[in-house]
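In the block that follows, a single chain appears as structure tokens, in the form predicted alone.
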Amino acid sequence: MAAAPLREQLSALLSSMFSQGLVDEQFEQLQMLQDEGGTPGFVAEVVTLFCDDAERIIAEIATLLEQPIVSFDKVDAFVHQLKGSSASVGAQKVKFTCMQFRQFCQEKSRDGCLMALAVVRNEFYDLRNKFQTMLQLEQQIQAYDPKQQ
């Protein structure tokens, strides 16, 4: 397969991520930094770090919510951290879901937090799958044209 159809697939994927609200202009800024800075792999590195960090944070939150007595302050701190990470990579849906999650933490609602955790998890996994597809397409494109990032 030539690189052109792969570039079209990548472009369509990115367009759908924006139109679905998965990512926002902050993600676009990351891409521009990579393009302007001539730093191949910058977006891949940032996205990979975000995904690893988010997965760890979500696991921590789940563990805290399973405790007999929930420390809502700790849960809120992790949700706040996830919100910040999401904002920095432009993970718009995850960020917005974290904002709602924090409301349940402030209300000290275990049921609300469990529901919000399920939504955050779903939004994150949806985004992570799209990021993985994006990275695979970029690797395939680079295999055809090593000068491309």
Partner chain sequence: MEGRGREVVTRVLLVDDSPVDRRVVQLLLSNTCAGSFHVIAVDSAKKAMEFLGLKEEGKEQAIDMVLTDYCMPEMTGYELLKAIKARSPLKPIPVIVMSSENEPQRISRCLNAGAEDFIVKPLQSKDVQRLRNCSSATTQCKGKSDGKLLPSDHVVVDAAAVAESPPPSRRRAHFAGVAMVLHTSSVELSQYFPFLFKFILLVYAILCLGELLRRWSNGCFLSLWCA
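Positions refer to the first chain, counted from 1. As the structure is a prediction and not an experimental result, all values here were calculated from the model.
The following text describes the form predicted in complex with the partner chain, which does not appear among the structures shown.
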item: Of Q26, Q103, S109, N122, the one that lies within 4.5 Å of the partner chain in the predicted bound form (heavy atoms); value: Q26
item: 4.5 Å heavy atom contact, V46 and the partner chain in the predicted bound form; value: yes
item: Touches the partner chain in the predicted bound form: E60 (any heavy atom, 4.5 Å); value: no
item: Contact flag, V70 vs the partner chain in the predicted bound form, heavy atom cut 4.5 Å; value: no
item: Close approach of F96 to the partner chain in the predicted bound form, 4.5 Å, heavy atom; value: no
item: Residues of 39-61 having any heavy atom within 4.5 Å of the partner chain in the predicted bound form, listed in sequence order; value: T39, F42, E45, V46, L49, F50, D53
